[in-house]
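Below, in structure tokens: the form predicted on its own, a single chain.
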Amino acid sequence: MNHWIIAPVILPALLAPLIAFIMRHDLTLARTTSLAGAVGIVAIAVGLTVASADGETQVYYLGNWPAPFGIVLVLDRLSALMVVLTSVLALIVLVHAVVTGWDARGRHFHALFQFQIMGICGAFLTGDIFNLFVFFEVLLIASYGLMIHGGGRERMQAGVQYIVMNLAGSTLFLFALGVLYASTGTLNIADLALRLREIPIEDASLVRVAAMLLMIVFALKAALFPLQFWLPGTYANAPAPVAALFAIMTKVGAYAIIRVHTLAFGPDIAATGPLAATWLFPGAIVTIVIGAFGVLGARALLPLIAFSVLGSMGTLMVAVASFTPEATLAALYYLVHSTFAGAALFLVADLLLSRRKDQTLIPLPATVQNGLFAGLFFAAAIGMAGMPPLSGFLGKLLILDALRDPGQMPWAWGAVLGGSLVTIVGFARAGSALFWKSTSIPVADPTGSDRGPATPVRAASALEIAPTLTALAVLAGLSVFAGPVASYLTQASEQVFDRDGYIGAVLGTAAEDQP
């Protein structure tokens, strides 16, 4: 048994209380420990990715209790990809928070950050739905604290809305688990997939109720229409590094839909049929439209970025809703791209707004390093909008190529292409107001007698800019190495749809023993 599978959960779970109770009065020690832990999780995640590359689904049985009776963690190409994505993003965001001083604006930032990593990694590795609920709660409780980090009235209001929505989602999740367990007697995903095959369609009404409740919960996490309204306010009011980390939060919902609704409630299962796809596809289309027009109509920078993240989730979910290996490959490529594109936008916005002091999209006198910030913003905006040469263009091409079904193609192509065009216009308008028109406004004389001495605006150091550049470099790397990345993702998506292989690995049964 590969004990490293549980390390991305155990390591932050050990570091968080150590930082909270022993290092709470020593910020330097807390920063050092948190950064060392983040680097360690990246190393472990890379090792797990290499270990899963041969295609073998590895299972970790906690306490050596066999599935489906005990708790299992499952490592395959998809879960390894999500863990390495989380760890790299977390390290980038953590470095930004430390060098810009965001972590010192409130208490327990690093402890909450470690709990957040623990919850996200656990959600990607767990092999049963009840523990998926547990890890959801862990990451949500940590995100509540991170959301209101630094305080402020508007942040508290947005935090309350975020908490209320997620508490409602958690309640629905518990109802779904109860109904599902009463119908099938199990919550292990592999065992569930096995038992659902045996349920005739005339006895599957409760199973369909549970499947719909789970889809609603996962759609809420993924911010899919009509459950998307919490995202713009939450992301726009969260501290920028926290909003950058939250770029992976909606992907947890997308991952849960891919994992659970492909393995257990797949379109070829008689008990549920194409239930999920029927509702997901139109929801994703409307989400793209809301996100694109939100970008166009935004009057401030952070809401504009939040709506662009919302639109990218719609684009991602259009591909997920097809439930085919080709569309899942495209969805996974776009998932990785949109995570780093969203994070890069929030990080560069933080660099700019800490010097501009006003996020309204109106021309103001140019701040220091106006050209540098303009370059970073347009690079990230190009990535998010899906323009070449960055990976968003390739991701959208893959999605359009995968969605050639006559019933889907007009809607999907129209929404993705039209949404991209509107998003580009919105970003161009924002960039023009923030950077281009600002250069024509004279800077007030700080030595003027009627103004008194002015505080000089400090230029961003190389260390402060490095996390944003790293996120943009990942987008460039996804384009340069698109072939190898697509090859890995093809194998990952095929493994996701290998239901018998997953069931056999988790339950220890051969394919020929399965009904």
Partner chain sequence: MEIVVASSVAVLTAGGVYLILRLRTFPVILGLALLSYAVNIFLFASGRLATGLPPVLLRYGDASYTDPLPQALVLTAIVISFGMTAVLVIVALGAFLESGTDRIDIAPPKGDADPRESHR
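None of the values given here were measured: they were computed from a predicted structure. Residue numbers count along the first chain shown, from 1.
The same protein also exists as the form predicted together with the partner chain; that form is not shown, yet it is the one meant from here on.
- Only one segment in the set 76 to 84, 324 to 332, 262 to 270, 153 to 161 has any non-hydrogen atom within 4.5 angstroms of the partner chain in the model of the complex, and it is 153 to 161.
- Contact with the partner chain in the model of the complex holds for none of A433, L489 and V496, as no heavy atom of theirs lies within 4.5 Å.
- Among residues of the shown chain, V134 is one whose heavy atoms approach the partner chain to within 4.5 Å in the model of the complex.
- For R299, a non-hydrogen atom is located within 4.5 Å of the partner chain in the model of the complex, even though that partner is not displayed.
- Using a 4.5 angstroms threshold between heavy atoms, L174 counts as touching the partner chain in the model of the complex.
- For the chain shown alone, L187 is a contact residue for the partner chain in the model of the complex, at least one non-hydrogen atom being within 4.5 angstroms.
- Listed residues T278, S205, S440, T360 were compared with the partner chain in the model of the complex; T360 is the one with a heavy atom within 4.5 Å.
- Proximity to the partner chain in the model of the complex, taken as a non-hydrogen atom within 4.5 angstroms, holds for one residue of W413, F378, F229, F293, which is F229.
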